[in-house]
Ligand SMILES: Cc1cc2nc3c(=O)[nH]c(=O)nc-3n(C[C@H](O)[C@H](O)[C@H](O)COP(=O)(O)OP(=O)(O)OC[C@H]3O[C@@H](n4cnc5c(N)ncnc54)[C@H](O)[C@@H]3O)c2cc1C
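Before any questions on binding or motion, here is one chain by itself as structure tokens, the form predicted alone.
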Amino acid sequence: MSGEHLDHADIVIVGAGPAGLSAAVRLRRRGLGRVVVLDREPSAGGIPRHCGHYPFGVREFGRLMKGPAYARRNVAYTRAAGVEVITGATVTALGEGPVLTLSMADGVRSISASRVLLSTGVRETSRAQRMIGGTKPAGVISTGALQGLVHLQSLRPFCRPVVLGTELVSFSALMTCRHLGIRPVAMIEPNGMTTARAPAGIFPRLLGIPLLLGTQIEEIRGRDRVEAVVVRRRSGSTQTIEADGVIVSGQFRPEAALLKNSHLRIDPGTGGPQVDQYGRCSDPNYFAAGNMLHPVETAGWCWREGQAVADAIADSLEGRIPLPEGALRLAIEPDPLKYVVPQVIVPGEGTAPLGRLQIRLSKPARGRLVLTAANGDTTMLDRVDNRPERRIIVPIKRLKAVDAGEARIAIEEGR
């Protein structure tokens, strides 16, 4: 599409994954005239495009699908609703107005809108961010990169890699390896148990892949290609594992580089935008949905959340959601708490798309989840006995009696 058409839209959505596409369809059905979805990738559909395995689509389309088929269905569904889906368009700046600056093949453009929805998703934490030592040979990649190479380019980046991590995405990496006959030589988890729920630990063993719990990758060795990894167990003993690659999986972070130079507030816990229960950012013309709010949930969760936040956007244009005034602002006590979403609770009745607090831990913890208001009053939110990356859900209505202002959420351990 030529740049001269990119002048104004009713709604601009940044990110063509499940959340962005489902929101676009709902906005069209709510009567919005011009809804534009922008994505920097050459094809729309988001991460499911790379996931050549089940299960996708049961709740959304009533059938079990692999990721690429699910992505194609989402894109077709969106275009059939009259949404403009523009790929190869990289948004480079978020401005007040709102106005977006974007880079396209034919130059730099800008587009204004009545509302903007951010749904740029997540990325995995890299080797460098995990401070893994050793040399820097080729063959160290994320699960997303692996899936792109295997499913989009039919490439086989290695034959005998090590998989670091045991989140759900780590098991997706195992399935992707099987697709081209790649056989991992070990699955490594620093914690004493798998991050994914207990039955998941059976899967690598069924494939004959050693699952090493309580083990860290200390060093990666190799000159041009990975030749071995050195691991350290909790006992202090080390082991050298011959391998030709490392899949660094999980520990998702929001794809939020755009926020860093913008006027929007960033939540230090999630790394994504600070939002209220309507998905509304600190600039009320901007909203956010999907995994950039809560790294990470399933495609189906993001799809439904995109629809719900789209309703809030349409309602905001009609003046039907409360103004962001007199709000309760939530912060967390870090370690063991990792984040809470939403971080701002606006007073008012009615259904909100983020009508439940989603809280996660940075390490296993047990105790009472307690909110302490600025005046010192405490509210018990829940009892917790949980692991990292497992969601803790608390209905917002439990905060109804808490006054506006600052409040802090913490875990009183062992009580």
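No experiment lies behind these values; they were computed from the predicted model shown. Counting begins at 1, following the sequence as shown.
Although it is not shown, the form predicted in complex with this ligand is what the next lines describe.
Contact with this ligand in the predicted complex, defined as any heavy atom within 4.5 Å, is confined among 268-276, 226-234, 90-98, 106-114 to 90-98. Although the partner is absent from the chain shown here, none of P157, P161 and E219 has a heavy atom within 4.5 Å of this ligand in the predicted complex.
With the partner omitted from this view, the residue of L369, A352, I47, L32 that lies near this ligand in the predicted complex is I47 [heavy atom within 4.5 Å]. Between the options V36, C51, L357, L361, the residue in contact with this ligand in the predicted complex by a heavy atom within 4.5 angstroms is C51. Put simply, Y286 is far from this ligand in the predicted complex: not one heavy atom of it is within 4.5 Å. The closest non-hydrogen atom of T298 lies within 4.5 Å of this ligand in the predicted complex. This ligand in the predicted complex is not approached by I11, whose heavy atoms all lie more than 4.5 angstroms from it. This ligand in the predicted complex comes within 4.5 Å of no heavy atom belonging to Q307. Shown here without this ligand, the chain has F252, E255 in 220-255 lying with a heavy atom within 4.5 Å of that partner in the predicted complex.
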